[in-house]
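Taken one at a time, structure 1 and structure 2 that follow are two forms of one protein chain, written as structure tokens.
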Structure 1
Amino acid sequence: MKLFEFQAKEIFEKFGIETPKGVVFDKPEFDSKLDGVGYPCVLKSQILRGGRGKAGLIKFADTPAEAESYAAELYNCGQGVDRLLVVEKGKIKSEIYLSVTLDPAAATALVIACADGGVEIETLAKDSPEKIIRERVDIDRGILPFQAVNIAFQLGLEGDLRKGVSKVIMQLYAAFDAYGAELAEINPLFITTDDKVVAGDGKFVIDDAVLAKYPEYSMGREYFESDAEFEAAVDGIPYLQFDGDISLMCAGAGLTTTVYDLINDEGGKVANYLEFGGPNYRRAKRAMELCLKNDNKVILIVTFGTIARADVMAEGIVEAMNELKPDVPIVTCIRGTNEEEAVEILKAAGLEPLFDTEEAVRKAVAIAGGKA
């Protein structure tokens, strides 16, 4: 689960990381007195997406009148802003990128840092990879002080600043470890003009598997980009939301990744990925309901099942079609156990069973593009 910025900062503060003074307002409330914050200030929309600054969802106000005007503008911008975090505008000398995440391939934690904070780290890693500092951390031992100091040294810091940033690195890792996080990120980590080290922004992602330990982070609609994504999470169905027009019902992450790449190679765009395999292969109706919540032009179903039987999937798809009566075409490529029976079931329902994944992708992309 992704947390909002103000929640990430609450965790940072628990572990001793300084954050700017701030106050949270829920729509439609706003009090321009800003007790404890003052002016100038920064109004930060609390939504779970990156690029808020570029999207105009962060505003700088010098007066109460400006703050009130910007608050009304953000609440009514049509981008789902229901909460604002208003913080003091500090005097910043420099910015650093800092995060802790997991490296599955190496089976370690990974601290990532860069002296160019406030940037899109993915773009920087592509264009200037030499600027990215990476330090793997043994998960059993945790981060050691010398590793934190080494990172701060590579950032070009000296004296008290090196000590201060090293301390924040240790604190951020402690928060990451304590909450079973997938990501703990500070971007930017401010160095103020009086040499304080302050978490200017924050991201925190907690592994869903340990959410039961933290009832304060209940799975509400505000944590998800779409109704379909929220409903899938409640139903325990893995689901990822994208912005294309081809809905995917696939079995297995590896197969899905391949299909996703094939769609991109053919010039198509994915609307969503829904896991139709594993424990969900008997839930075709619910899976299709979720896909139909998208503004899609076609549903592409690609599976390869051994334990998840192809005939059961086919029966479920046909039943779902009869009950839901989808208004978009459905393309199927269902392979695996009892495949012969699945073919007959699909044919009887008027569907064309395909046997080649690339052919199925080409057909779906052609439909979405109005060429079939």
Structure 2
Amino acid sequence: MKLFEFQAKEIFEKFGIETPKGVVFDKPEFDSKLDGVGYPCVLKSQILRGGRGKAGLIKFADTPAEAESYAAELYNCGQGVDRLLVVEKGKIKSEIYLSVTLDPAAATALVIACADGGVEIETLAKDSPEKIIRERVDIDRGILPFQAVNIAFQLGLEGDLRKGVSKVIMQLYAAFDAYGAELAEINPLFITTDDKVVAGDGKFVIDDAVLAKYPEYSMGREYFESDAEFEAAVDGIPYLQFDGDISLMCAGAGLTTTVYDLINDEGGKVANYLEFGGPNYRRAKRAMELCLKNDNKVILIVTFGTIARADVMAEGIVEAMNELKPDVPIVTCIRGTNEEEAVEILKAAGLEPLFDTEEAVRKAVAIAGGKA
């Protein structure tokens, strides 16, 4: 789970990394006294999407009046800004990129640094890969001081700054390690005019597999872009919201993704991506309920299950139809273990089961386009 900036910074503070003095406000609250944070200040929308600066969701205010007006503007911008982090605007000399992640191929942790901070690392990797510093860290041994020192020297730092940044590298790694994180990123890491090293931003992604250890980060609506995505996540059903008119109710991540591709190839538009395979294969009703929340024209069900038996899925689908009475047509392509029984079950319920994924996709696209 990706944490909000203010939460990432709380973790950084816990591990000794300095962050700018700040205060958090929940919509609609705002107090321009800023709890002691001085002016000029920066109002930072606490949303999980990247590119906040470009989207105009970060504002600089010189006066309380300006801050008030920006706060109102951000809360009402229609982009789901429900919380603001307001920080003092420091005097910055330079910006560094710093992160810790995992390297699946090398089977190590990986510290990534770059003297040009403030830019997205993907952009840096594309435009100037030679500037990126990579240091692999043995996950059993942990980061050693010499590695942090090496990185700091490669960043071109000297004296106290070299020591200060090395220390932050050690601290960031310690936080990454302690939480079993997927990613701990400071971008930018500020070097202030008085040579302090301060985390200007924070991204922290905790591995979902260990999230239960941290009840303070329980799953809330605020972590999701839509109600449906949140509800599905609570139920443990993988779901993504799109704005088309074909709802996918498929089994298996790879197969669902493939059906998504085939829909796009045929000129269709997906309303939602939903998987009800694996541990969810008996939950057709809940899956269909989620699909029906969309303004869709057809539900396309494609499965090829082995442990997730075709007959069990077919029964679940028929039960769901009887209870939910969907007002849109349903196209099925259900294969795998006991598929012969599945066909009989679907036919008895008045459906016309298909066997070929591409044919099912074409049919769904035709229905959505009013051609079938």
Partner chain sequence: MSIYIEKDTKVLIQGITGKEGSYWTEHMIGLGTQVTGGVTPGKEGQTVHGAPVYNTVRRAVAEVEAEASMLFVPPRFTKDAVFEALDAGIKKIVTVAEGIPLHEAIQIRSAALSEGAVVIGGNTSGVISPGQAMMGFFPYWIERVYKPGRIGVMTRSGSLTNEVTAMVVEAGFGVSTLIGVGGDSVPSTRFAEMLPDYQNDPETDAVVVIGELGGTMEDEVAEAIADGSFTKPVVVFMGGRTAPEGKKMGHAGAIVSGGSGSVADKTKLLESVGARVAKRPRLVGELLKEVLGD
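Only residues modelled in both forms are compared. Start at 1 and count along the sequence of structure 1; that gives the residue numbers used here. Only the largest set of C-alpha atoms that superpose within 1.5 Å between the two forms is called the rigid core. These numbers were taken from a predicted model, which means no experiment stands behind them.
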Where is the form predicted on its own shown, in structure 1 or in structure 2?
1
Note the number of degrees the smaller rigid part rotates with respect to the larger part between structures 1 and 2, based on C-alpha superposition.
15
E319: how far does its C-alpha move between structures 1 and 2, core aligned, in angstrom?
7.0
Superpose the two forms on the rigid core, then give the C-alpha shift of N280 between structures 1 and 2 in Å.
3.8
Regions of at least 3 residues displaced between structures 1 and 2 by 2 angstroms or more (CA, core superposed)
225-233, 235-372
